[in-house]
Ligand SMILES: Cc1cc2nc3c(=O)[nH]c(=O)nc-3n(C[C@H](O)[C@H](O)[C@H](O)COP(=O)(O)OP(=O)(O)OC[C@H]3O[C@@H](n4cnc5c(N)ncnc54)[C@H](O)[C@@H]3O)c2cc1C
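Read the single chain below, which is given as structure tokens and is the form predicted on its own.
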């Protein structure tokens, strides 16, 4: 090993931390990843109980091009690590009048929309053509910027395209300019519900998510979403990355006005630079000396957060007809629950909820003849965990499942685990118990998010509280961009020292 090899510490073995570590190690940096939990993955961990294998967090595999790029950019083939299958139907949505399956491929979705609203098929063609252009604009230009300055986004070409596609008008207005049928509108609005805001507060730029959904498809790695984590860890280790689990960072060290490494409960790890893939708020407000904190407690208290979540992991000792791999239950009024998430935070009386049943696709995640369920209820970030409310919501969604599926569920639950705001806070130091990060509102987009570069030179942030935002693909991109920024910073430091000599 070269004596001049640069050293980096990555805090957190979630998606952003793993992406950063892989990129750095490929570029010849000696990388140590420290993780306070006993397993990699962060929110994308897994656990097993009685033959059931539960993915703990992300369950949607969208934007496969981003995942593939993490591997291909360092000379690896993702298909050597994952067995990916495209889901068809992509998902189903349960409305008050019954379920609607959303098939794979725009041509098939076009037929579904046309049946709901004559003329909507042609409108979908136009809508997706623009969404594709936004996807290209976002993926080729904006998401790969650190967001350090508005100048990152101010090239004449970019400005022209932003104006051309009216990306800063609301997504709600944009969708309604093309479609009138309420079910079509809800289908097109649902992706941003989990990205942190109602569609009337989200920029129309995020119709790119509809392109990702309809054109690029919904995929599943056989074995579960954790297989993506396992593949990334394997690739990182092949590149020479060292992992230290059950290793908590106590503070980030500084020497001569630059980062010097991190102090864990056991030792001080020297580093030329540090990438924090852990919760931004926690790192900045608790691991940094006050003089290096860019943001005040008041700043953080004013941030608009994407939803928190209550999750139920259930093992069922029978098959449940009527569910698909992904099922969204929008069978109650949409706005009432959305208002309790984003406008007047409170506990919903009859919530929207989402069910993943990976056992519909993958026989390895549940015993034969059984069903593996992941049930998620989005709630307002910052609500204090309440066991009584959690149990009330559990009873309500199980009753709704039994009503809609016309079959018994309760007597067949053989495994149950709950996960709520308090778990997000204790396991991930999640600010205000958030599940997804900052809301993607217009005033928290791009360079208006917390900066990737710390006030402490040599410290860089990655993950869902900085650019480009929440979700698995953005977190992967964030880690790669942070790795690039860190190496450019270190290179400039070395040039400065050489010039001084």
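Residue numbers count along the first chain shown, from 1. Since the structure is predicted, the reported quantities are computational estimates derived from the model, not experimental observations.
Not pictured, yet referred to below: the form predicted together with the named molecule.
Asker: Taking 4.5 angstroms as the heavy atom distance cut-off, pick the stretch from 425-433, 362-370, 405-413, 199-207 that is near the named molecule in the model of the complex.
Answerer: In short, 425-433.
Asker: At the 4.5 Å heavy atom threshold, is residue 357 in contact with the named molecule in the model of the complex?
Answerer: No - in the model of the complex, heavy atoms of residue 357 and the named molecule never come within 4.5 Å of each other.
Asker: So in the model of the complex, does any heavy atom of residue 293 sit within 4.5 Å of the named molecule?
Answerer: No.
Asker: Classify residue 287 as contacting or not contacting the named molecule in the model of the complex by the rule of any non-hydrogen atom within 4.5 angstroms, answering yes or no.
Answerer: So residue 287 counts as contacting the named molecule.
Asker: May I ask you to check whether residue 59 falls inside a 4.5 Å heavy atom distance of the named molecule in the model of the complex?
Answerer: Judged by the heavy-atom cut-off of 4.5 Å, residue 59 is in contact with the named molecule in the model of the complex.
Asker: Tell me, out of 318, 417, 258, 282, which residue has a non-hydrogen atom within 4.5 angstroms of the named molecule in the model of the complex.
Answerer: Contact residue from the list: 282.
Asker: Any residue of 447-475 with a heavy atom within 4.5 Å of the named molecule in the model of the complex counts; write them all down in order.
Answerer: Those in contact are 463, 464, 470, 471, 472, 473, 475.
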